[in-house]
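Below you will find one chain, with nothing else, as structure tokens; this is the form predicted on its own, and questions on how it binds or moves follow later.
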């Protein structure tokens, strides 16, 4: 994978800046979290980690039993903690974490060194991009992606690649924040949120992605809004983690005004 193909803001954010160390995240995970059932009176860093683990569990529960027979890949695995959780808690046959950033793959291998040594044939981390997955046709039983697709420049190629690497009947599960349709929405998000303004995040309308999945050979495409379990909890944690005027506090009003929402998308390869 050519490091030069990484968008500049993605290269910096997950390279020298190492987003996992930011105050808004905790424990090495990098997602906004599923805050369902967590006391928001005074959320702790431990609660923050729990929210991020819960989001992974929500995604992984979408794969059918018996999970012990399923070979999975995570696209945009970051430090690999979610892939390791998938193997440890859900007992999948094998999980491969894929990331476009070589620094993240290096970190994933270091952070999960013990698990890699314990399960050398069941856990792996490798370079790859959403539009060029490092698997042969029909090799995987499942693909999942947790809060990474907002960084992909486009989702049509991602949908096509997932269809290619999944066997018939294979399952795709994607969760992240998607935008409402319309060019004016993308412009408003750039004004509200620095991550859209600098190109780290891309405004992908949910309907465009689900249509891409259908065109690429998926059926039973579903999209569940989980924003009520994400945005209020995240914003409550941010009140103590970042300055009051920090741009990340604008995610909550962006959601409330209908510009974006967090969704869990599932689909089955025909």
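Bear in mind that the values here come from a model prediction, so they are computed numbers and not experimental data. Positions refer to the first chain, counted from 1.
Omitted from view is the form predicted in complex with a small molecule, to which the following refers.
Scanning 209, 35, 218, 29 against the small molecule in the model of the complex with a 4.5 Å heavy atom cut-off leaves one residue, 29.
Interface residue among 123, 163, 143, 100, judged by heavy atoms within 4.5 Å of the small molecule in the model of the complex: 100.
In the model of the complex, at least one heavy atom of residue 130 sits within 4.5 Å of a heavy atom of the small molecule. The small molecule is not drawn, but in the model of the complex it has a heavy atom within 4.5 Å of residue 150. Among residues of the shown chain, residue 10 is one whose heavy atoms approach the small molecule to within 4.5 Å in the model of the complex. In the model of the complex, the small molecule lies farther than 4.5 Å from every heavy atom of residue 96.
Partner proximity in the model of the complex, defined as non-hydrogen atoms within 4.5 angstroms of the small molecule, places exactly one of 165 to 173, 100 to 108, 180 to 188, 84 to 92 at the interface: 100 to 108.
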